[in-house]
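Okay, here we've got a single chain as structure tokens, the form predicted on its own, with questions on binding and movement later.
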């Protein structure tokens, strides 16, 4: 198949592109810095989701569009950063779908990233792809983001939206800052540690994007492992993976002081399961947290 990938130089995107190439697919990559994306067997196109639409010829004759581009959420929030987070996802997806709508030879499928932020802070409630959205800034962003992706269905393109959880893998993702702290023996739970953390291994979420493109599924897939854990359980598993104790909990008020509004959301609880993905036949390589962390932190 012929794939075009946005966000192809990001943490998940790099693994996705490598996997596509290993499987023998043709791959194009969007980047704000095309030289950064250059590699053998990869076509690169200049595109900034916060700027203009991607070039029409980048999508013409493609079989699948895999859309992951977006401003990082992991930064201190202020009005300017929140607008970049929103615009890069909502307006960027709108521009991409506008091009899909007008090219003559359209892709068969658009697989668009979304996030478990869609569900908000829900305590112990078990959440699957049919669950209602929560409330808050990230919820509003995810709803608008997915709505823009759904516009592609109006021109006959199959649409899949993958709500991604905390991504675990080497050289990036949720462990980029956590693992070094835990290796120093100064890691610990966040707040009470009772909040649920819907996690996924980077290899599995990359495989899920390809699965969604190659199989006749549509709608929402939760990009999370089938066995969510609490923050306390995650902390214990990570400490074990790096062979260090985890005895320094971070109080909730300290998180809010250090990270502002984002710090509050770091204590959100979302017990998300991948019910639709499993019904569709997707098999996780890392369904359990301990083996995933041992591989990712190794």
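Positions refer to the first chain, counted from 1. Predicted model, so just to flag it, every value in this text is computed and none were measured.
We do not show the form predicted in complex with a small molecule, though everything after this point is about it.
J.: Select from the listed residues 115, 206, 109, 90 the one whose heavy atoms reach within 4.5 Å of the small molecule in the predicted bound form.
T.: Exactly one listed residue reaches within 4.5 Å, namely 115.
J.: Can you work out which of 196, 145, 119, 182 has a heavy atom no more than 4.5 Å from the small molecule in the predicted bound form?
T.: Flagged contact: 145.
J.: Of these, 157 to 165, 97 to 105, 214 to 222, 126 to 134, which stretch puts a heavy atom within 4.5 angstroms of the small molecule in the predicted bound form?
T.: The contacting stretch is 157 to 165.
J.: Decide whether residue 242 counts as a contact residue for the small molecule in the predicted bound form under a heavy atom distance cut-off of 4.5 Å.
T.: Residue 242 lies outside the contact set for the small molecule.
J.: Although the small molecule is absent from this view, report whether residue 284 comes within 4.5 Å of it in the predicted bound form, heavy atoms only.
T.: Result no; residue 284 lies far from the small molecule in the predicted bound form.
J.: Would residue 53 count as touching the small molecule in the predicted bound form under a 4.5 Å heavy atom rule?
T.: No, residue 53 sits far enough from the small molecule in the predicted bound form that none of its heavy atoms falls within 4.5 Å.
J.: Find out whether any non-hydrogen atom of residue 246 is located within 4.5 angstroms of the small molecule in the predicted bound form, and reply yes or no.
T.: No.
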